[in-house]
Ligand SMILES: NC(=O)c1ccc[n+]([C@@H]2O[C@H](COP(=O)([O-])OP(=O)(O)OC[C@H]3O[C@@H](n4cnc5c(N)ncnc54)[C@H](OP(=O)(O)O)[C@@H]3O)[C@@H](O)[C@H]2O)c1
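There is one chain below, alone, in C-alpha cells, taken in the form predicted on its own.
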Amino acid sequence: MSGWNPTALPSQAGRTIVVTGAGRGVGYFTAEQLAVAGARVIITTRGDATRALESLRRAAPGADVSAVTLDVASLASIRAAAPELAALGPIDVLINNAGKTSGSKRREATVDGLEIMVGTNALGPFALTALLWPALADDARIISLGSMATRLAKADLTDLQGERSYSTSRAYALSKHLMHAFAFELDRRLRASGSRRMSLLAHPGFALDGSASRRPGVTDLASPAQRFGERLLRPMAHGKDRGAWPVVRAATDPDATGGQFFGPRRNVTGPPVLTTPVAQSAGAAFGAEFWRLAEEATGVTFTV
C-alpha cells in the first residue's frame, strides 16, 4: 500500500458515493475529491446545499453531484432521507462524515432525547447505515469517521447518555469511541457473514478551514473570532482538504481491506497512512455492547 498519491486518485467513474455532512469542512472536500475522480456524488446537508453544489461543480465541471436533506441528529430525518438516498442507489460507498464537534458546557439532547454528541456522531450514523443496508452494493464500503480524541479519554458504556456526570469533551470522545466500535464491529460481522462489503475507519487529523484551499461559500463561513483562533493553530494543523485524504483513501484505495484505519502520517498532519486504534473501542466485547445499546437507543434493528 505504499506510494499512495492523494492528488492522483484511481478513477471512480461508475461509482455512486454518499457523503453525509458535506456542505462544508472535511465532508465537502471529501465529496469534491471524489467528484474530481469521476464518482457520482450525493451529498447530504441539514440546510441549503446550493453553495456546496455550486462549488463542487466549479471544481469538477460536468460531475454528477446532487444533494439530499439529512440531519443525523434526528431519527425522523434519517427515516425520511433513507428512502430518498436508497432510490439513488445502489450505493457503492457510504461515508458517515456528518457529526458535531463542539457544544455548550451543559448537557444537551437531540430531538429524540439522546445526548447530542453521542446521538449525532454515533447513533445517527448507526441508524442511517442500518436503514440504507438494502441499498448498498454487494461490494460496498462503509467509511466511519474516527478521531484522535479517543486517545484522550476512556469510554464508559454504562453512562452512554452522560446522565451521571457530563463534560462536552468527554461526550465527544465517547461518541468517537462509539464510531470506532461501530466500524470494527461491523467489520467483524461482515467477515462472519462472508459478505464482500467492507467497513473501514478514517480520521482527518487536526484540520482547519482556514488552512484549506479557498472555496467561496464553503470555507469562509467562520466568525472573526473563529478565524483568529485558526490562525494561531495553523502551525500544528493542516487544511480540511488534506484532512479529507484519509477518508478518500479508505473509500478508493483498491488495496484497502475491511477493518483498516487510515489517518495522517504524523497523527495530526501528513499524507494518509494506516494507523492503529486504541484498544478499548477496537475490542470485540466493546463493539458488541455498543451494537446492543445502539439498537436499543434508536429503535433500529441492524442485521448484517
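So that there is no doubt, residue numbering starts at 1 and follows the sequence shown. Quick caveat: nothing in here was measured; it's all calculated off a predicted structure.
If you look for the form predicted in complex with the named molecule, you will not find it shown, but the lines that follow are about it.
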- Does the named molecule get within 4.5 angstroms of any non-hydrogen atom of residue 240 in the predicted bound form? yes
- Query: Is residue 187 one of the residues lying within 4.5 Å of the named molecule in the predicted bound form, judged by heavy atom distances?
  - Reply: no
- Is residue 71 close enough to the named molecule in the predicted bound form to count, meaning some heavy atom within 4.5 Å? yes
- Does residue 98 reach the named molecule in the predicted bound form, with heavy atoms at most 4.5 Å apart? yes
- Consider the chain as shown here, without its partner, and state which of 168, 147, 195, 161 has a heavy atom within 4.5 Å of the named molecule in the predicted bound form. 147
- Query: Going by heavy atoms within 4.5 Å, which of 127-135, 170-178, 87-95, 151-159 lines up against the named molecule in the predicted bound form?
  - Reply: 170-178
- Task: May I ask whether 23, 120 and 205 each come within 4.5 Å of the named molecule in the predicted bound form, counting any non-hydrogen atom?
- Result: yes
- Partner contacts for 244-275, taking the named molecule in the predicted bound form and a 4.5 Å heavy atom cut-off: none
